[in-house]
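The chain below stands alone and is given as structure tokens, in the form predicted alone.
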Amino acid sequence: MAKPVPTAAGSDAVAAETPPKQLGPVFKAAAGPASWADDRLGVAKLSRPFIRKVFPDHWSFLLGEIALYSFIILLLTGVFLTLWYKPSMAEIEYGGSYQLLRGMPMSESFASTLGIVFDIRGGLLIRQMHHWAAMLFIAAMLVHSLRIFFTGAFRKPREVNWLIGVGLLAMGLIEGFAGYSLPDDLLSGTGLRFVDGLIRSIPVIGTWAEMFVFGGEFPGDLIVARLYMAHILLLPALLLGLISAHLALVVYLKHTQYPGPGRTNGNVVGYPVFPVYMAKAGGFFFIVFGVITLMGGLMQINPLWTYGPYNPAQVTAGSQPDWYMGFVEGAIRIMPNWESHIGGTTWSWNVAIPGLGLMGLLFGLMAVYPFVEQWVTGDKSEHHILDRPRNVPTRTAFGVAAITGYGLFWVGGGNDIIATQFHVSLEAVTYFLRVMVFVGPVIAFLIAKRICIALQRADHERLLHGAESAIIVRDPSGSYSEPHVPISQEEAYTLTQHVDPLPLAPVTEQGDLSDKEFKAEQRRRKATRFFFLDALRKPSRAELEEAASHHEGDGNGHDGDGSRDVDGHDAKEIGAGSGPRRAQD
């Protein structure tokens, strides 16, 4: 069979079909049922537009696939667990096979979880696979969203898909916490107490909201059953619907691709879905499945039999939530004890601001950022070519600052562990984090922006002076130098494909604008200067031509294989292919 080659085509590129006579025995056997289904359901007609789709090939695109495959594994393992789990908080006496807890009073939910672990063949493996898949699902979504952000894949026409992704991430956190709370062990019960405090901190209606959610005062006797129904029905249905919409938009809008030769906003360079991409995706699914199986079998997670059943009067020392909720707990731990008493009600700012406010701030900023950047830049064109993060230093710096702040809050969730392990004062760790959550992101922003600009300068040098040859030459005078060699045309195209937006000068005349519009335009122009002012301009066509003539004068106008280098031969084409130098207005 001929080796498949990358295809450069539009979103509906046609993959060559093999005549039925040339198919092997296996395909001939499958042709009968396929023909039967096609005659009655029109399967071929319905599937043809999809299987002819061309998708680009890059390792970072696998991050979204890991999230998808983890979700599938969650559904498969979750079905197994629902067969044995009992979502009841009714108290019984444990009589299972785990000797250390035999005879102890506990809820039916905790007892059934122990039964899955110790009495059901393969139960411990499936339960740990389920937990690891949940961890991986949220981690993959988070890293995938970072890839989308740093490469600018959220720009027009993909703003709706970005919002769907933000919703998926938010519901993934809730779904993970709901599943984490179902066993009703001492650790998960402590997490529920944490959520009870968050609900109570809602101004004015907090107490009534707690009574509604828990069916009475905490812990009540209904919360596990309610979380169970949300965990296996409501949230999975919403997640499945959003994932379907997310994938449908990816297919409809075409997949984004990284800059490179032959890649434009009007085509896709990659492989067709069938058979190449489908085979790769299927193989990668089994790789993810195998890795999660190994993790479930070899890496212990959440050994709840060591915690015991939940008792509201007990809290395990050093208890930590699953990692994805650590930033919320960290924010609450380092928040000063601010509290107000207004009109006979208590306003717990020390819980409401870092708990409810931080989650709202995180997902709110993620949701509005594409529209804020579009307003600042004034760029309303469609984008199917991704940005290299270094070419948009301010956006990249914002992302690094957000990661830094998130990481510091996450560290705060383990301030007691840090204090005991490193033998430092808990108060010192807390006070340090109170300062660093404000200072750290600013420092990270400045450093990340300077690094991006430095990388832009390195690209500028490669375009104008070529790449280092790693050959040291000594001239007759005794001095040493390293000659540079021209870079390839493909690399030069990649380095110059982006468009340089210019910062706008301040507006001085109001013209036909109203006072409100005039002030908004002034703010926007100030924002463009902040966003673009420090970015390095890519070489102009004249600079590339001058560099090309310099290389030709030095006799370096040819590559080692005899082909003309980009600086010596194709400088005009590169300048034209990179797009006009323009200012956004």
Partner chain sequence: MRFLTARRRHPAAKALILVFALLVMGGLYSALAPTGKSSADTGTSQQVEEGKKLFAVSCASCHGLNGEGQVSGSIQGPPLVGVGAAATEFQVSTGRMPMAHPGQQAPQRQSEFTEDEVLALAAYVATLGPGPAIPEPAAYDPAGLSDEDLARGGELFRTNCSACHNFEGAGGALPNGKYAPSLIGVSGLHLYEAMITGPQQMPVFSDGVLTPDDKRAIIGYLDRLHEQPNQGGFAFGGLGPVAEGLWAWVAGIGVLVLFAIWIAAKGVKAR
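All values derive from a computational prediction rather than experimental measurement. Residue numbers count along the first chain shown, from 1.
One more form of this protein exists, namely the form predicted together with its partner chain; it is left out here, but the text below deals with it.
The shortest heavy atom separation between residue 101 and its partner chain in the model of the complex is within 4.5 Å. Taking the partner from the other structure, its partner chain in the model of the complex has no heavy atom within 4.5 Å of any heavy atom of residue 327. None of the heavy atoms of residue 87 is located within 4.5 Å of its partner chain in the model of the complex. Although the partner is absent here, residue 387 lies well away from its partner chain in the model of the complex, with no heavy atom inside 4.5 Å. Note on the partner interface in the model of the complex: the residue among 303, 511, 483, 241 having a heavy atom within 4.5 angstroms of its partner chain is 303. Proximity to its partner chain in the model of the complex, defined as a heavy atom within 4.5 Å, holds among 74, 81, 433, 288 only for 288. None of 511-519, 454-462, 131-139, 165-173 except one has non-hydrogen atoms within 4.5 angstroms of its partner chain in the model of the complex; the exception is 131-139. Residues 320, 321, 322, 323 are the ones in 319-355 with at least one heavy atom within 4.5 Å of its partner chain in the model of the complex, listed in sequence order.
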